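Below you will find one chain, with nothing else, as structure tokens; this is the form predicted on its own, and questions on how it binds or moves follow later.
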Amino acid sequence: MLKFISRRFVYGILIIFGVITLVFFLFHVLPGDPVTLIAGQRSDVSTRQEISRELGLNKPIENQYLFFVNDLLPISLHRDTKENQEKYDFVRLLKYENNRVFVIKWPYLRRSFQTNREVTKILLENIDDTIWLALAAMLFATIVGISLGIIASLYQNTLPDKLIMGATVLGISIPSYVLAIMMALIFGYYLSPYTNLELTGQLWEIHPLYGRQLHLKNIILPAITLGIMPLAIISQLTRNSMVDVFSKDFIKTARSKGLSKRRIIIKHCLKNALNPVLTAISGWFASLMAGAFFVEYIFDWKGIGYITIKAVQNLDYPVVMGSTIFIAIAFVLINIFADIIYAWLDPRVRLHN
């Protein structure tokens, strides 16, 4: 098991390193001068040179890349100066040479071109809303998806089965941003007097008299919108897995012993059918963290997706690069965790690997 986990972590590190490399070189060729975006058109030469030096833009491209990677590494090498201490907020580990030290620090994702705030702080301020939205969407998709899958498997090849499977195909086919617009218009605008739901809103809102208040109703529409596609996949996986388990010999044996249908379904069928479903759930949770961009933007949900799209509109490259790397790391870690759980539930997985 330890070998299996270590191999997954090595693969994850390689993937993250590849994403960092791709992000750096992709954004390096995009139009727009970072110095001009930060300092403005009327800045003087000395100011532009200082900004260029701070970002490392006065160095060759390969040095800029190494400088970028060094900023992202939690254990890195920096000059031991007061300026770097304030910039990276590091803890010294080991002296090297020429006033340079190995340090431990949080990954440094540069500063926003628009606000000059650290990208890490911007992301941390908005990650909560994205996590809550992804959790709510996944909870909705899991409960409804597994329930529909069980119903479809119990009525295999009959009208309920065909209706549910047809609906899942439709759910997979509609892009999330199209569904978001439809949900917002229908339930948040036209039917708002009946649903009591609104087009936009946050999970926590500030009331002028009562302060910070929780508004759970604001998460309903974006969570349902975001959860439709994983719901469809989970329904199909549950239905197919249940149908496959129903044909196994141990189910026939359980029936011959006179066990109730409910007990057979819950104790025997679900236990053996949910392994691939659990993998899909964990994988989809990571995907929802990364794929909520347009849903958040349409519902004005102030999460990472929302601020990323705003950053793209404002050519705020450090925020876009930082959010891309942040989401990639979250995606890899969640999938590693899912692989470990799956291998623990089914030893054949780690033996095969």
Partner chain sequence: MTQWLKEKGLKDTWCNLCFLFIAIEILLSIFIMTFHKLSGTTFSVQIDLGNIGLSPFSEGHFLGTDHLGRDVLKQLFFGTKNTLFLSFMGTLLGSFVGITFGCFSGYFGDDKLKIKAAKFWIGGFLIIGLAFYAFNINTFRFSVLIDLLLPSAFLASVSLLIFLLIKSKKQIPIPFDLYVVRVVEVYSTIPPIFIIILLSSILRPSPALFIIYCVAAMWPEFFFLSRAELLKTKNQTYIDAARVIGQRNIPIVFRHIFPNMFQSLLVLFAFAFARLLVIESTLSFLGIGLPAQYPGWGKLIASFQMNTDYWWLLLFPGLLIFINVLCIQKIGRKLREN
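Residue numbers count along the first chain shown, from 1. So that the term is clear: the rigid core is the largest set of C-alpha atoms that superpose within 1.5 Å between two forms. Computed from a prediction, not measured in an experiment: that's the story for all the values here.
Although it is not shown, the form predicted in complex with its partner chain is what the next lines describe.
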## Note on the structure
The stretch from 150-158, 170-178, 133-141, 77-85 that lies within 4.5 Å of its partner chain in the predicted complex, judged by heavy atoms, is 170-178
### Query
Heavy atom within 4.5 Å of its partner chain in the predicted complex: which of Tyr317, Phe285, Tyr306, Phe68?
Tyr317
### Partner proximity in the predicted complex: Lys302 to its partner chain, non-hydrogen atom cutoff 4.5 Å
no
### Message
Can you work out whether Val332 and its partner chain are in contact in the predicted complex, taking contact to mean some heavy atom pair no more than 4.5 Å apart?
### Response
yes
### Task
Spell out, yes or no, whether the shortest heavy atom distance between Trp106 and its partner chain in the predicted complex is within 4.5 Å.
no
### Query
Does any heavy atom of Leu216 come within 4.5 Å of a heavy atom of its partner chain in the predicted complex?
no
### Query
So in the predicted complex, are Val19, Leu26 and Phe294 all sitting within 4.5 Å of its partner chain, heavy atoms only?
yes
### Summary
Contact check, 85-120 vs its partner chain in the predicted complex, heavy atom within 4.5 Å, ordered by sequence, gives none
### Message
Does Ile15 shift between the shown form and the other one by 2 angstroms or more at the C-alpha, the core having been superposed?
### Response
yes
